[in-house]
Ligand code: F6P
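Okay, so here's just one chain, in structure tokens, the form predicted alone.
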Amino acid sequence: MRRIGFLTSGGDCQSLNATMRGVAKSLYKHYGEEVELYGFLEGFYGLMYEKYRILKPSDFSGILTEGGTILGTSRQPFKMMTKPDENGSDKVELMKKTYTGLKLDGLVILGGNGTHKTSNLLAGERLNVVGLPKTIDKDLWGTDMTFGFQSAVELATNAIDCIHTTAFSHRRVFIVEVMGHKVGWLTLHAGIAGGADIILIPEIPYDIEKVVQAIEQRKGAGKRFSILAVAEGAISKEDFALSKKTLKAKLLNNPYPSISYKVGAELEERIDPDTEIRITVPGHTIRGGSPCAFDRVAASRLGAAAAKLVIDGNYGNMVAFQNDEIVPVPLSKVAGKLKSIDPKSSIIEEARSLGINFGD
């Protein structure tokens, strides 16, 4: 009997269930009744404190189109993993104890950057781990695509699409804030797809005067409105120049709920007072709903590939998309690396040639 554990960690997204289904169906096809699947509840928390349930084939029926995760998830920051819990217990030792106590042969972990750091940590402790690249941010190193990204792009694009008509009707400047603290892939793709006029992302610090200039140029050309797609991690050139310590102190006294409100306030001080500025924050709706067709295919392929790694005993890897093929990438090479946007990349240059302004 083979015993394989599952857990989903970090923020949820639309294709977690579809990916687990891909792993499970492939394992059941190979092993038949000679495999037992354990689902740990609420991410690494369940692995630490033996919160799990034994999964059956019926648990994976009908979940291809279901968003979220049937196991639940939670955020367990990597920097806290090596610190004792509230009872003084070693978290890594707790996870190892659960793993060995259940006599698991392997552990399939679905998550993003922080999750893969912990996955690599567990692999270093001689646990058999296979990682799956989950994140709406598409910021995992070693893979061209992550499941959840395209579904989030479609929802963010729809939010921008819906703003166009009201922005045109009222001659307004609309700021649509899109998730993405450290990288701007989601905002960039949604901004291009939604026809945003200005896109602000963390990788390209903005100059508010350049943003004002772009808006005024549109008005001068007879345009009735302007739409800004702003990543929640967008940063001004002034703030970017600050040390981390100084910036952190400044943010503690930040009067704005988010970056969009800061940009909005800065614009109100500089543009025609008759121009109305409105802010829309889709927030967690971008994580919700059913996975799109692209993500269902990606999740199914990645799940099947992860199952093959388990069957072959090829642990210590994350399955990744590279040139439309799925390949194993060592967790040690993935952990701690962020895939950000190169400001000189072709997609940025192509967006500029379309007339999109990046505030720089």
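Quick note: we count residues from 1 along the sequence shown, nothing fancier. Remember, it's a predicted structure, so these values are computed and weren't measured experimentally.
Below, we turn to the form predicted in complex with this ligand, even though it does not appear here.
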Query raised in the report: If you check in the model of the complex, is T135 within 4.5 Å of this ligand, heavy atoms only?
Result: yes
**Report entry** G180, heavy atom within 4.5 angstroms of this ligand in the model of the complex
**Finding:** yes
Query raised in the report: Does this ligand get within 4.5 angstroms of any non-hydrogen atom of K91 in the model of the complex?
Result: no
Report task. Using the partner position in the model of the complex, report whether E154 sits within 4.5 Å of this ligand, counting heavy atoms only. Result -> no
Requested in this report: Consider the chain as shown here, without its partner, and state which of H284, K250, R278, R126 has a heavy atom within 4.5 Å of this ligand in the model of the complex.
Outcome: H284
Requested in this report: Let me know the one among R171, K237, R75, H164 whose heavy atoms come within 4.5 Å of this ligand in the model of the complex, would you?
Outcome: R75
Report task. Mind telling me which stretch in 136-144, 264-272, 207-215, 93-101 gets its heavy atoms within 4.5 Å of this ligand in the model of the complex? Result -> 136-144
Query raised in the report: So which bits of 224-247 sit within 4.5 Å of this ligand in the model of the complex, heavy atoms only?
Result: E232
